[in-house]
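Shown here is one chain on its own, the form predicted on its own, set out as structure tokens.
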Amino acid sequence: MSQATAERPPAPVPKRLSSSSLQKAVGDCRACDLWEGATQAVMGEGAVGATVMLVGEQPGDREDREGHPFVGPAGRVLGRALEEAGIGREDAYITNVVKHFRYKVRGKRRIHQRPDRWQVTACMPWLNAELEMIKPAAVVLLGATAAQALLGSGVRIGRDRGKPMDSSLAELVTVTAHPSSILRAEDDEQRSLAMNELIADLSAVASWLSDRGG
């Protein structure tokens, strides 16, 4: 941890956890520097007691402007994949490891920039609070940033996707590709293949929940 990071105040996570208390408190977080360029912090959304928690990397441009997770193009991909897999949005809590949008400006556009490790670490108390509040039966980590933040740097999406991972986060913890990777596919054939793989990974989670009775 850098000296600059160590000198920053800790995340002001409230003792009494609720969606409203977390949303209110995260706006005051200065544990890293990403709040300076972001429009707002974006907490997760979904029912308390949701059976599945899906964890991505960070809000994108549209999420940052609207204040809700996965409402942009990647969110549409995720919504379709959940529907195809048979997981209702009402059964899912959707969030990100990092709560502020990190970007670089290119012309009039704000281009996604992957958060640094220390920024991910600074934001982890918020995700831990969400896990404690929701207590999901299954946790699905979308992409390398989320997977490595919670399971360690040795996780590889291509090798580990769809497999149950050894973790105390939930009864079932698994990893898959981030929906945004599908949008970056080279052509329609690759995009279709990647989408089918995401649906298959989420379908396996749905089957596990069904067998569990959730």
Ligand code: URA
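Since the model is a prediction, treat every value here as computed from it, not as a measurement. The first residue of the sequence shown is number 1, and the count goes up from there.
The same protein also exists as the form predicted in complex with uracil (URA); that form is not shown, yet it is the one meant from here on.
Subject >> Contacting member of A74, I87, I134, V120, with respect to uracil (URA) in the model of the complex [4.5 Å, heavy atom] >> reply: Only one option qualifies, and that one is A74.
Subject >> Heavy atom of G56 within 4.5 Å of uracil (URA) in the model of the complex >> reply: G56 belongs to the contact set for uracil (URA).
Original post:
Looking at the partner-bound form in the model of the complex, is H178 within 4.5 Å of uracil (URA) by any heavy atom?
Top reply: Contact with uracil (URA), yes.
Original post:
Counting only non-hydrogen atoms and a 4.5 angstroms cut-off, does G46 reach uracil (URA) in the model of the complex?
Top reply: Output for G46 is no: heavy atoms all beyond 4.5 Å of uracil (URA).
Original post:
in the model of the complex, do G60, E63 and N96 all reach within 4.5 Å of uracil (URA) through at least one heavy atom apiece?
Top reply: Yes, each of G60, E63 and N96 comes within 4.5 Å of uracil (URA) in the model of the complex.
Original post:
Just one stretch in 151-159, 184-192, 32-40, 66-74 has heavy atoms within 4.5 Å of uracil (URA) in the model of the complex, so which one is it?
Top reply: Flagged stretch: 66-74.
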